[in-house]
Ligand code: 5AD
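Take a look at this single chain in structure tokens; it is the form predicted alone.
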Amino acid sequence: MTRKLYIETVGCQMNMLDSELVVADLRRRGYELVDEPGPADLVLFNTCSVRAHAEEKIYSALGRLKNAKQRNPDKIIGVIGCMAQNHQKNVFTRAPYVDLVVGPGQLHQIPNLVDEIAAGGGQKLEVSLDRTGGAKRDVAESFESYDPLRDEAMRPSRYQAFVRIMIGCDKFCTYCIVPKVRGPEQSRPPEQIVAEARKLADEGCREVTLLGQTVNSYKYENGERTTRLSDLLHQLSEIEGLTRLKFVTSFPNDMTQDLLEAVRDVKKCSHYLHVPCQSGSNEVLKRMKRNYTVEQYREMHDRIRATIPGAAVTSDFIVGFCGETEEDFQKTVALVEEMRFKNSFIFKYSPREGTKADDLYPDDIPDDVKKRRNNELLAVQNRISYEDNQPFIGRTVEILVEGPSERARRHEEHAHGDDQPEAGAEHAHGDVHGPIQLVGRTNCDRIVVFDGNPRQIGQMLPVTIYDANSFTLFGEVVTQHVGPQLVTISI
């Protein structure tokens, strides 16, 4: 009898990739993916520990499964990923009906652990060593990369894929739990990365996004040969079938000139760089242990603009960090005004147990002040995004068509009711011939919505922009006249 799997993923792109790999492994063991936890024999929560809210969301979801576990003791419930590494045995304490707790460095063990639980082996805990739990090499080896298995059904689009080029982080920002739960920084061999990307291209993937906690820190040494991210981009650009390369997330200090020149010169590279700044105040950056100043960030930003004119730069900011004064916050506002980021991800600071900030600094900014600063900075960024999107009106841009827009997805869900396709099956829209609202992205990562045909999904199309707001460009597919004929591109 086919066993059924439900997986819920919260957090970053790294977690999305991890879920894809876990599902691929379990499918090979005979599991069928379902979109509700009720009928599932195995329920997995792939978790995030960056913010307390993400962890509490998982505990709430686990609480809703308590009765289901009592009714069906054979249902296996697992917590995997960063929260598992962070909380370890405490997950069993708070939710004793959980069967499986697995950190991000042990994901490859999940199928065998599930079999052991099903055979009566009891609860299973598999996590990596703590950063101070052994010799550096032993700690690094306890965080194993898990990358060869892929499953396109878990991707938002069969034409796009994440490829991990490194794991872990060695930056140790005081607010961040990632070095603890993802382990030491380790780069994958370039040959493995190229082979994985080539296989994806052979399967029809058009766009690859390279992932790393600080992706531009990538460096792989093999004897006297050193491969950096700039070298890797040149190698990947030679893969036939791939049309676009991206990478996230970058660290300001590692935005080297050779990397910027590679983004400029490699035709397949998206002119989009996500480089979190976190604060416009040097005092706050020092308490965050970001290891750069506002002046250094500005110099890096100026080099981006000079080397890649028109590049889209995005950022992250934390408001209400320990000790942030109103003057500090206004410096952040001024920096956002100056840098004119395409968009910014803005977060209210929340203390994380196990971080240096939680040990060293009181969380002394009232929540209502955090909320006000968050809303104020968001309003500034949204105004800038709106203003900078207006010049696109009337221009023709080339986009990679990703799939149905959110509005089209909601319409289809409403039309189908409870008869839902399997997760990731939206690329089956290619069998439909009617018009549909589609979404794609420009070379500088701006979102474009237009009316088109499902058969256009996965194609590169020219689209003329006729309207824009802070978040989206609205366009029409370009048509070309050839003699007396009207040729509609890609319809």
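Only a predicted model underlies this, so the values are computations on that prediction, with no experimental measurement involved. Numbers for residues come from their place in the sequence shown, where the first is 1.
Keep in mind that the form predicted in complex with 5'-deoxyadenosine (5AD) is missing from the display, and what follows is about it.
- For the candidate set 265, 138, 299, 316, a heavy atom within 4.5 Å of 5'-deoxyadenosine (5AD) in the predicted bound form is found for exactly one residue, namely 316.
- When 5'-deoxyadenosine (5AD) is considered in the predicted bound form, only one residue from 163, 176, 91, 167 comes within 4.5 Å through any heavy atom, namely 176.
- 5'-deoxyadenosine (5AD) in the predicted bound form is approached by residue 276, whose closest heavy atom lies within 4.5 angstroms of it.
- 5'-deoxyadenosine (5AD) is not shown here, but in the predicted bound form it comes within 4.5 Å of a heavy atom of residue 51.
- In the predicted bound form, 5'-deoxyadenosine (5AD) lies within 4.5 Å of some heavy atom of residue 348.
- In the predicted bound form, 5'-deoxyadenosine (5AD) sits within 4.5 Å of a heavy atom belonging to residue 352.
- Checking 109 to 117, 301 to 309, 168 to 176, 75 to 83 against 5'-deoxyadenosine (5AD) in the predicted bound form, the stretch whose residues place heavy atoms within 4.5 Å of it is 168 to 176.
- Residues of 75 to 113 placing a heavy atom within 4.5 Å of 5'-deoxyadenosine (5AD) in the predicted bound form: none.
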